[in-house]
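Here's a solo chain for you in structure tokens, the form predicted alone.
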């Protein structure tokens, strides 16, 4: 290699060096883009706490209101819940707000339209009423069922009993209307007998001896009695126990199971 060639090569290298230092390296289009950070997916917020169906166990009465019986028997399995078009609340008409037993307040009080349910079969009463297994005979022989909302209650409380057609009562199972009285009617369904009290007797959509199907509207919740009572359905259930004839049994757990089927939700048992 001649000296001239060596000089040319040095000059070329120097020019390249100057270009790299003062003009810059490869163009931006040539520089690979930096890697993007991985996408971070924020988790969905926790759902709001459930305010679903809950209930006290069978026989767990309000303290001081009587001696309940812890009877786990489902005397009417697979039935339709007797209130079709509203949520329902089983609690004491006598000892809760608005009742004659000292609950304070009025029947249209929020505490009467909230879960949990509470059994009131075997509650203390002041006339002899035999049952299958309540430990005493001066007792409440059925369960009381409120239904609807505070707004429903307020509206209905301002109406006459004959105007109460908002809340539908339906047949728990196939059967026939075996009796119609002054403020109640009975449904006979094979080995079971249901008694519906305090319904609107002026708008009764069924008649005595009429055959009905499960889920059919057979009445409307009201406050019919010898004197108007609170707005509720009192439901008695009689079953043919050991083929010894119809005896009053607790409808409470049968109502729990029927209500779970109605709302599609398993209830939670609570305790004091």
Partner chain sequence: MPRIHRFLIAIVGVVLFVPVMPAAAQSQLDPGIAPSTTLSAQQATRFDANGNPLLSDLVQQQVRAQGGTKIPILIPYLWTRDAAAAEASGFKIKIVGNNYTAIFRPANAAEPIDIVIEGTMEVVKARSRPARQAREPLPFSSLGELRGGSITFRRNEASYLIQFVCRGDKPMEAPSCIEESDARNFVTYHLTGGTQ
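Numbering follows the first chain given and starts at 1. This structure is a prediction, so every number in the text was calculated from the model and none was measured.
What follows is about the form predicted together with the partner chain, which we do not show.
- Scanning 183, 113, 117, 95 against the partner chain in the predicted complex with a 4.5 Å heavy atom cut-off leaves one residue, 183.
- None of 79, 170, 197, 153 but one reaches within 4.5 angstroms of the partner chain in the predicted complex through a heavy atom, and that residue is 197.
- Residues of just one listed stretch (70-78, 84-92, 154-162, 101-109) have heavy atoms within 4.5 Å of the partner chain in the predicted complex: 70-78.
- Of the heavy atoms in residue 166, none are within 4.5 Å of the partner chain in the predicted complex.
- Taking the partner from the other structure, the partner chain in the predicted complex has no heavy atom within 4.5 Å of any heavy atom of residue 64.
- Using a 4.5 Å cutoff between non-hydrogen atoms, residue 239 counts as a contact of the partner chain in the predicted complex.
- Looking at residue 124, you'd find every heavy atom of it more than 4.5 angstroms from the partner chain in the predicted complex.
- Residues 208, 209, 211, 225, 226 are the members of 208-229 with a non-hydrogen atom no more than 4.5 angstroms from the partner chain in the predicted complex.
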